[in-house]
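Take a look at this single chain, the form predicted on its own, given in structure tokens.
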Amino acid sequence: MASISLRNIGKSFGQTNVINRLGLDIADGEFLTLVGPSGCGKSTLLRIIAGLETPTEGDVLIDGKASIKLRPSERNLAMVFQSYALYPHLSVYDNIAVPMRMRQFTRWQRIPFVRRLVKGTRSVSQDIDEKVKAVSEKLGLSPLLNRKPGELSGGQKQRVALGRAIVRDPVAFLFDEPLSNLDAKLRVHMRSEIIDLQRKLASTFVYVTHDQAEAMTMSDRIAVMMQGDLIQVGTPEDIYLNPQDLRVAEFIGSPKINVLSAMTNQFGQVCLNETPVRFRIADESSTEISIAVRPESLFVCNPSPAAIPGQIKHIEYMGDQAYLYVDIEKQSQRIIIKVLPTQLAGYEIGSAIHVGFDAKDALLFDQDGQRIYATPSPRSVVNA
């Protein structure tokens, strides 16, 4: 197993910067997920780690060893691709065995009709056979070893791709959006299988996805990328509860976090729709800020001077939960309130309501989208 360190990695294609002098340390045995919107550079970064792309600047250290000049085969990393990359004409058994044959067979032993004549082939073949069968048993592929990829489901193909990576005994595994081709139900199942596999192998996993649910449920740590920059690295809990950038707050969480436009007055007091909210910031200058509140932290309340009046525009029923889509006064963005289905009684599209939240559940960001820390008052409920 191995740690991976990225030192000032930069990548440009012509005049276009894709990655901007990025640094990141991945611990031995850690499951780290690179997450971000399409085009943020996460897949390019993974390919740089694998050796499939050469960075414009910087270095990749694998177990402390500078590896940027090493070929992909010399880095001993296993990569699982989005498209599975299976050989359609080979059986499941042969697809899994290919990496070991390429590594352990001589050039002559790789020729099917010649290998029998080469001394030592039987012993090597036996070792390969034992390893392929052991990995297949671990992944539940034993009954499928004689099938071709065209006879397999998406989940089975994904397990074959995993098996082909495992037999190489790599120092780390790299995953490039491996579940994006699967349906929603199978993605959930495969997430748990990959998590179990990582725990069994105790190996380093670097996983790329744009699916925040995968990132939140599978990772030890998440690295959020935006436009080639590494914005924030932390545990799933820390990324969700304490985003340091408004872009991170908006990207992580479903439904998306609610963002309200507000102002601070000359006393550092935060005002929402010209109504003071019961917390203040250290900066005592009048400026525009953003208040971000998760849908589960908003609630419908009784009318009061501090409550936010609004009108229900859409109701989304999800079975065990429901969402109210509400237009509120003096705000350009529609907000979303998460409620229990039992709380829907009496509400319909067009209903006038009042919205409140506890100031301790609110996140404040400045005009540049950077986190501001406020001091809530002892009774800091907006609708009090």
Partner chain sequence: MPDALSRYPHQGIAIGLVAPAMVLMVVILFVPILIAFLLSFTSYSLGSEQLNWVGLDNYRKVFSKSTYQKMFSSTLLYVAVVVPVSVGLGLGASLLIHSLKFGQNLYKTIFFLPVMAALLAMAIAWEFALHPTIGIINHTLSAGCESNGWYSFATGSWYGNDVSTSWYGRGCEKGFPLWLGNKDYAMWTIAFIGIWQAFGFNMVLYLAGLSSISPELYHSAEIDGARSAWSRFRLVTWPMLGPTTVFVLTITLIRSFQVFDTVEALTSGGPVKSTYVMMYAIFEKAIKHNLVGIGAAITVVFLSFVMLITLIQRWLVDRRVHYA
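In this text the structure is predicted, and so the values were computed from the model without any measurement. Numbering follows the first chain given and starts at 1.
Quick note: we don't show the form predicted together with its partner chain, though the next part is all about it.
Residue contact with its partner chain in the predicted complex: Glu74 places a heavy atom within 4.5 Å of it.
In the predicted complex, Tyr87 approaches its partner chain with a heavy atom inside 4.5 Å. In the predicted complex, its partner chain stays beyond 4.5 Å of every heavy atom belonging to Lys133. Among residues of the shown chain, Arg294 is not one whose heavy atoms approach its partner chain to within 4.5 Å in the predicted complex.
Distance criterion of 4.5 Å from any heavy atom to its partner chain in the predicted complex singles out Ala50 from the list Val339, Ala27, Ile315, Ala50. Think of it this way: in the predicted complex, its partner chain has a heavy atom of just one of Ile289, Ala307, Met79, Val300 within 4.5 Å, and the residue is Met79. With its partner chain omitted here, the record of contacts in the predicted complex names 94-102 of 264-272, 219-227, 121-129, 94-102, defined by a heavy atom within 4.5 Å.
Using a 4.5 Å heavy atom cutoff, none of Arg247, Pro255 and Gln333 lies near its partner chain in the predicted complex.
Residues are counted as partner-facing when one of their heavy atoms sits within 4.5 Å of its partner chain in the predicted complex; in 162-195 these are Arg164, Arg168, in sequence order.
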